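Consider the single chain below, provided in structure tokens and representing the form predicted alone.
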């Protein structure tokens, strides 16, 4: 009986090791993470329905699990369904939010010199999580800059209610994509290996 258990355990171990090795040796085309990264596009046409709260919570949880300096988590995030807050659309130039029905506003901690990097990693996690669930996204700096820098738009900033010491950095629109744009060319000469 002991021999049978040992052989069964050994067989299961070999099977799991084999599966693990197969996974690691899979080509880039078979790797779901790489596919998600390579297929993700900035979407500028959306269905009007907001992303559900449950789905947004998954996206946000993926965001806050991003790497960050000394685990300070030097970000604050506010989520708005645009249909419930028409003042944002009305106060800014037409089309600036690209029609995204759900908008995530990200603020960084000004006293932390690495906070903007942390916030960038947070955003990347969110847009890739969204892509993996069939949700489109677009990262926008313009609306955030207008809201943060224009004294006339202070009521919008107050609605977002960021803590003292945080500044609005950028926003990300999420929604059901109504377009599937082609990839734009990338410049491989921008990276090189130093021998």
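Residue numbers count along the first chain shown, from 1. Every value quoted in this text rests on a predicted model; they were computed, and no experiment measured them.
The discussion below concerns the form predicted together with a small molecule, not included here.
Between 38-46, 63-71, 128-136, 158-166, the stretch whose residues reach within 4.5 angstroms of the small molecule in the predicted bound form through a non-hydrogen atom is 38-46.
Proximity of 140, 143 and 184 to the small molecule in the predicted bound form is complete: all three residues have a non-hydrogen atom within 4.5 angstroms. With a 4.5 Å cutoff on heavy atoms, residue 98 counts as touching the small molecule in the predicted bound form.
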